[in-house]
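Read the single chain below, which is given as structure tokens and is the form predicted on its own.
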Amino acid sequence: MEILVLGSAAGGGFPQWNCNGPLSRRARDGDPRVKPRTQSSIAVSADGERWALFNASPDLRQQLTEQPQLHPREGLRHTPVACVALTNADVDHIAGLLTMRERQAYALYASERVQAALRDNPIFGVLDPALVERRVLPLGRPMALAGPEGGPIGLEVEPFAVPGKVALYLEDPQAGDDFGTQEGDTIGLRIAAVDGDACVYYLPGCAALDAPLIERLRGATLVLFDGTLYRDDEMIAAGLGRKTGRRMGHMPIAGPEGSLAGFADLEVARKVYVHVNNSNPILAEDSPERAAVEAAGWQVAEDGLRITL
């Protein structure tokens, strides 16, 4: 099974188009220690021929262009992308679907909550229902992925609810502190090869490591995990925003309730941070924060990272 990180940054990418923070300036200036990144998405294949996308970022066209494995191979219209699976309805995970509107057949998987958000937004009607079949991911139950017309691609996923938050544009300010968040608004995925033991856990958004999630991830071979912010108040302290990470549905890396501490005793063989915000100092390879996560056994994903299991 091959995992390809198409984009490793959080919403807005890195450098973000309107961000003039010190990290974004270093990236624009071409500092080799601060590499640009596109918005969060991965592709997975069991055979190197048929691929599943996990999340469709606004940068999807660029990402597909930069990865030869995902180029058309035959005829005038073709794609090795058989299906797309979504972990939530955030703009940085669904906007790329609009890039895939060119009358191309593929399957679209998401929780019922996310499928409902797509149905309720008329712009996604440009995905021709005769070609793009929308399939619901049942929480807590493994499901074999298939391309258009049900063609198997050798992968299965097990979706599971994780602590998170409803997408920003779907928030209900009258619903209290959780803004109307329900089960299925944010999911994690266990992605596995049907004919093998290899599997990866993909959680680009996670607000906390609760007890069920801890036990699920314990001893995992590979986890791609939410690395949005290093500190919960990072954007406020940097003058880049008014929200904490937890208010946005993301747990911090540092601190007693951060992911560094939470994963310390889980014996995960390989841990990779994805969905990294433009304010996060781990983007700078010469930062003490980058040294701290690497000392704890973590890798910070870059676009184009390939992992074979």
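It should be emphasised that the depicted structure is a prediction, and the values quoted were computed from it without experimental measurement. The numbering used is simple: start at 1 and walk along the sequence shown.
Note that the form predicted together with another copy of the chain isn't included here; everything after this is about it.
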field: The single option of 197, 172, 177, 74 touching another copy of the chain in the predicted bound form, heavy atom within 4.5 Å
entry: 74
message: If contact means a heavy atom within 4.5 Å, which one of 280-288, 41-49, 55-63, 255-263 is the stretch that engages another copy of the chain in the predicted bound form?
response: 55-63
- prompt: Would residue 28 sit within 4.5 Å of another copy of the chain in the predicted bound form, counting heavy atoms only?
  reply: yes
field: Partner contact for residue 122 in the predicted bound form: another copy of the chain, 4.5 angstroms, heavy atom
entry: yes
Close approach of residue 297 to another copy of the chain in the predicted bound form, 4.5 Å, heavy atom: no
- prompt: Can any non-hydrogen atom of residue 101 be found within 4.5 angstroms of another copy of the chain in the predicted bound form?
  reply: yes
task: Residue by residue through 220-246, tell me which have a non-hydrogen atom within 4.5 angstroms of another copy of the chain in the predicted bound form.
output: 235, 238, 239, 240, 242
